[in-house]
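In the block that follows, a single chain appears as structure tokens, in the form predicted alone.
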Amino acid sequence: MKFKLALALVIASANTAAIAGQAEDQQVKFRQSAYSFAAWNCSKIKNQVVEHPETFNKDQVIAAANSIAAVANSGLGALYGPGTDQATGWKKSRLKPEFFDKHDEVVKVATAFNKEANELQKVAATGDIGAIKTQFGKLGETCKSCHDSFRVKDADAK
């Protein structure tokens, strides 16, 4: 299983430059898929560490944390080409147009996401549920920071 995930990530990384040249709608589909996959894995950790710690399974949490870190390190920045704020992937993009005007802030939130995802991967390997819960909270803060700054809220959808 680890080999398949590693192989998929190598292929995805090798294709990042090619994907970046894709039409805006395709870029949005790829990034929506990546974030959906990360969210699914976050929900696995949340369920086992926050909501139902009695169901904690170290191996499942490690696998989920590894998947989140893989997404964080996959080169998602290449999928934010000009015009992708107006594109439709699987659904209309919720990227705010000001994303393209605030490069320093974008780099800051992206770097924080990568850092906290990589740290979650390390902490999950320890099996310390308290430490995992704390680090999971830090990861969630980075997601919220980006959403608050650069994502159109559902009620405000374009």
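Everything numeric in this text was worked out from a predicted model, so none of it was measured. For every residue, the number given is its place in the sequence shown, counted from 1.
The form predicted together with a further copy of the same chain is left out here; the points below concern that form.
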| item | value |
| --- | --- |
| a further copy of the same chain contact in the model of the complex: residue 36, any heavy atom under 4.5 Å | yes |
| Residue 41: touches a further copy of the same chain in the model of the complex, heavy atom cutoff 4.5 angstroms | yes |
| Residue contact check: residue 117 to a further copy of the same chain in the model of the complex, 4.5 Å heavy atom | no |
| is_contact(residue 84, a further copy of the same chain) in the model of the complex, heavy atom dist at most 4.5 Å | no |
| Triplet 100, 106 and 152 all within 4.5 Å of a further copy of the same chain in the model of the complex via a heavy atom | no |
| Among the candidates 129, 50, 110, 63, the residue which, in the model of the complex, approaches a further copy of the same chain to within 4.5 Å (heavy atoms) | 63 |
| Within 4.5 Å of a further copy of the same chain in the model of the complex: residues from 64 to 96 (heavy atom criterion) | 66, 67, 70, 71, 73, 74, 75, 76, 79, 90, 91 |
